[in-house]
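Before any questions on binding or motion, here is one chain by itself as structure tokens, the form predicted alone.
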């Protein structure tokens, strides 16, 4: 498995530091305003976690155990994004995610940081660039304790406990996923 570095967060921070001097003098003479840009519940990781709840297994007694109750959160990860305008053409993007938790998984809270800038190549067009980086917000699946009778009790992946895989081997299939950590958006708008 390849080790991943967090170059994206470093690039975002470097870009913010490089852009800061260009708008600092203008920003000092202008009042900053902050606007709500987006608010929504759910994310690709929330969808993935809910998907883990599909299925179930049959006990020795013949009764069915559904995974859905273990993978149902009473609160779905909410994301709130803001834009703080520093100059007429530059702003800081920032926001947060609340995270979510169910019996057998959790999605951690997250913090989003970035910037947005735009130029006007001519009076009828706008070229804008936005870069954001997300810190935190990872999905972690939790194990179960399974009683195998005479074989003993083991910590196992809940979804694989009733399968043919050895109990200790199921743990390597627990889901651990990170959200998209870097987003780059380039837009050109022409009005006529």
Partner chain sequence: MNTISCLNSRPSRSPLNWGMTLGVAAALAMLSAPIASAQEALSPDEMAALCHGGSSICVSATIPVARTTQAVQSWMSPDVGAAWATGYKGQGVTITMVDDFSSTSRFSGNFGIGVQTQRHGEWTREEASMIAPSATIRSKDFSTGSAVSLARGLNVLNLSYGMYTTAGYSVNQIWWAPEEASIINYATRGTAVVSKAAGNDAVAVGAAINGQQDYLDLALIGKSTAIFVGALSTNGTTANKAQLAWYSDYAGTNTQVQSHFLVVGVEGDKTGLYGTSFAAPIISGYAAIIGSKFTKATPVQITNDLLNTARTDTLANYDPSIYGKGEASLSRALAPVAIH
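In this text, all values refer to a predicted model and were calculated from it rather than measured experimentally. Positions refer to the first chain, counted from 1.
The same protein also exists as the form predicted in complex with the partner chain; that form is not shown, yet it is the one meant from here on.
Residue heavy atoms within 4.5 Å of the partner chain in the model of the complex occur in exactly one stretch of 139-147, 33-41, 124-132, 48-56, and that stretch is 139-147. Remark: residue 104 counts among the residues lining the partner chain in the model of the complex, judged by a heavy atom distance of 4.5 Å or less. Looking at residue 180, you'd find every heavy atom of it more than 4.5 angstroms from the partner chain in the model of the complex. In the model of the complex, the partner chain lies beyond 4.5 angstroms of every heavy atom of every residue of 115-140.
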